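Just one chain is shown here, as structure tokens, and it is the form predicted on its own.
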């Protein structure tokens, strides 16, 4: 077990290094510091002196990979690659191009993102799996057909439509919840309830249809026929045996959502005015603050790899056929 975890962690290192290198190439080779300075200064005619001052103030005046003017290890450490990319492996995110501490911003903004993402994940899984089990239980009936049609209709509607309709109906017409904004403490719940409801509703169609397909596939297995031959009720077969054996694909689907638990939803937080990491990333893109974007790309990659590791470990807990050596 421990050897398996160590191997998976060692496999993750080259992946993170590769993501870091690709990010570095995109930000500093394709888009050199001189171009970044021109975009940040926002002038049509920027003097070379102004560009040099901006690069020096933000640490972009160093060589990219190798500093021939230094001695010893400083030839490698006194470079843009080390200062802006290698330090990310120590979770030293540095400062944004506007001068803010990125690590501090992440620690402050992660809580609003979690306050939306965690309830959305838990409530969503309960709704999606329960609805999919209901359709699988009544498979081949009018209820199943109506449920599938409903899922297809919900899948065909854009997520933006749910946001706009939710803000108009719940916020403006019924006046049950605020349209946008955020507050701290228990008052934050009234601002996050609508994003949670919209997040769950917007994914009901795709997720329920996906889980229904998984359950129907499991219902054709040999162990299901054996359980029925033993005289077990259909509800017991479905909820105890089929659901348990379908946990592996369910967990695999959940792992794609894990980075969003921390990084937040880009669209949802922007529309509802939630000061989470999703809106933080969108604001950084709009301001062309590449230091924040690099940090968020690295953090997202790290969380996704961590989610894959946790998923592999959980396989052994939900399925006795999986053994970790």
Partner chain sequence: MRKLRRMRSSILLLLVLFAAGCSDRPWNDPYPASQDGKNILYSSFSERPKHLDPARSYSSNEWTFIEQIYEAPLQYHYLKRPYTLVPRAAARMPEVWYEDAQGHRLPRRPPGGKGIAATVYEISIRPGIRYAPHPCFAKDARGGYLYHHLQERDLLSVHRLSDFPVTGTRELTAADYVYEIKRLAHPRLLSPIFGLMRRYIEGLDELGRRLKRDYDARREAGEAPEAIWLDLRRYDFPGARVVDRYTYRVRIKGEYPQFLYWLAMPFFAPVPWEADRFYSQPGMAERNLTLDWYPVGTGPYMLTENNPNLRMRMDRNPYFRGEPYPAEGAPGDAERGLLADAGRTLPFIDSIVFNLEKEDIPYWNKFLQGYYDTSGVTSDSFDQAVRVGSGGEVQLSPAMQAKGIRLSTAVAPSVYYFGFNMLDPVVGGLDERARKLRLAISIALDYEEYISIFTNDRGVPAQGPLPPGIFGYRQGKAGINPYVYDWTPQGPRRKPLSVARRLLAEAGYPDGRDAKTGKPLILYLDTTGSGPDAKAQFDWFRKQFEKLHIQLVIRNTDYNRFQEKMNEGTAQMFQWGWNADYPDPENFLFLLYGPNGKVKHHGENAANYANPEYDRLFERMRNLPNGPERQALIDRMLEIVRHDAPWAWGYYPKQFSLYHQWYHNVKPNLIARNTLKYRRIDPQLRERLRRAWNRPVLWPLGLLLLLLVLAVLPAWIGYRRHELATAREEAE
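Rigid core: the largest C-alpha set superposing within 1.5 Å between the two forms. Source: prediction; values computed, not measured. Positions refer to the first chain, counted from 1.
The form predicted together with its partner chain exists for this protein as well; it is not shown, and the discussion that follows is about that form.
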So which of 171, 249, 147, 205 gets a non-hydrogen atom within 4.5 Å of its partner chain in the predicted bound form? 171
Which residue, 151, 214, 159, 177, is the contact with its partner chain in the predicted bound form, using a 4.5 Å heavy atom cutoff? 177
Exactly one stretch in 217-225, 68-76, 189-197, 240-248 has heavy atoms within 4.5 Å of its partner chain in the predicted bound form; which is it? 189-197
Would residue 87 count as touching its partner chain in the predicted bound form under a 4.5 Å heavy atom rule? no
Proximity of residue 235 to its partner chain in the predicted bound form, heavy atoms at 4.5 Å: yes
Is there any non-hydrogen atom of residue 184 lying within 4.5 Å of its partner chain in the predicted bound form? yes
Using heavy atoms and a 4.5 Å limit, would one call residue 279 a contact residue for its partner chain in the predicted bound form? yes
Partner contacts in the predicted bound form for 10-35 (non-hydrogen atom within 4.5 angstroms of its partner chain): 29, 30, 31, 32, 35
For residue 62, is the C-alpha shift between the shown form and the other one 2 Å or more after core superposition? yes
Checking residue 51 here: with the core superposed, does its CA move 2 Å or more between the shown form and the other one? yes
Answer yes if the CA of residue 292 moves 2 Å or more between the shown form and the other one after aligning the rigid core, and no otherwise. no
